[in-house]
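Take a look at this single chain, the form predicted alone, given in C-alpha cells.
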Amino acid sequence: MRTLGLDDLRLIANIDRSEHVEVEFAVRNGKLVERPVSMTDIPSWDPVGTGPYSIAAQIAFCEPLIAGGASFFGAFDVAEVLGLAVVDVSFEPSIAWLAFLYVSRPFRGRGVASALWDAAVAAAADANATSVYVSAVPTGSAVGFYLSRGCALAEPVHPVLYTKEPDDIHLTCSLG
C-alpha cells in the first residue's frame, strides 16, 4: 500500500474495471432491493475516448480531488498496480467521501479492496471525520463489499452526490 500523488493518476489506465454482473440493487422506499441487471458485462474503461467511462474521464474526476487535498492510495504487488482509492477527507464537516475505489479484475477477492478501504478509513479518522460517505455502483459485488464493511443506506442521501449519481447506492459508514 502506498500513498500516491497527482503524478500517479496515469495508473488508473492499469485498472481493469470489467465485471460480469449477476445482481444489481436499487433503493425503494428506503430499502435495498434487487432489480433487473441493466448491463451483465461491464467493459474496462475506454482507453482512447473522453466519455464518462474513459480513462481520461476517470483521471479528470480524480485530479481536482487530489489537487484539493484528497488522499490517493494504491495497492501494489512489486510494481504492478492492483487497485486504487481516493478519499476526500474534508468533503463536509466530519464527513469523508470515498470518491473512487477500484480493484483490477485479476486481483479481486484477495483482500485488495479491504486494504484500500482500511487506508481510506484511517485517513478519514486521522482527519477527524466521524463517517465515510460512499456512492457505490449498484452491482452486487460493490454493494455487498460496502455492506460487509459496516456501511448502511445513507439517510438522507447527500444532495449533490445523489444528483450526480442517482442510480448509485448511497451509503454511509460510521467511524465511531
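Start at 1 and count along the sequence shown; that's the residue number. Keep in mind that what you see is a predicted model, and the values were worked out from it rather than measured.
Below, we refer to the form predicted together with a small molecule, which is not included among the displayed structures.
Checking A142, C62, C151, A123 for any heavy atom within 4.5 Å of the small molecule in the predicted bound form turns up a single hit: A142. When the small molecule is considered in the predicted bound form, only one residue from A119, I55, A113, A70 comes within 4.5 Å through any heavy atom, namely A113. The small molecule is not shown here, and in the predicted bound form it never comes within 4.5 Å of any heavy atom of V81. Shown alone here, E19 lies within 4.5 Å of the small molecule in the predicted bound form, counting heavy atoms only. Proximity of A96 to the small molecule in the predicted bound form falls outside the 4.5 Å heavy atom cutoff. In the predicted bound form, at least one heavy atom of Y102 sits within 4.5 Å of a heavy atom of the small molecule. No residue of the trio Y133, V157 and G176 has any heavy atom within 4.5 Å of the small molecule in the predicted bound form.
Between 123-131, 32-40, 47-55, 103-111, the stretch whose residues reach within 4.5 angstroms of the small molecule in the predicted bound form through a non-hydrogen atom is 103-111.
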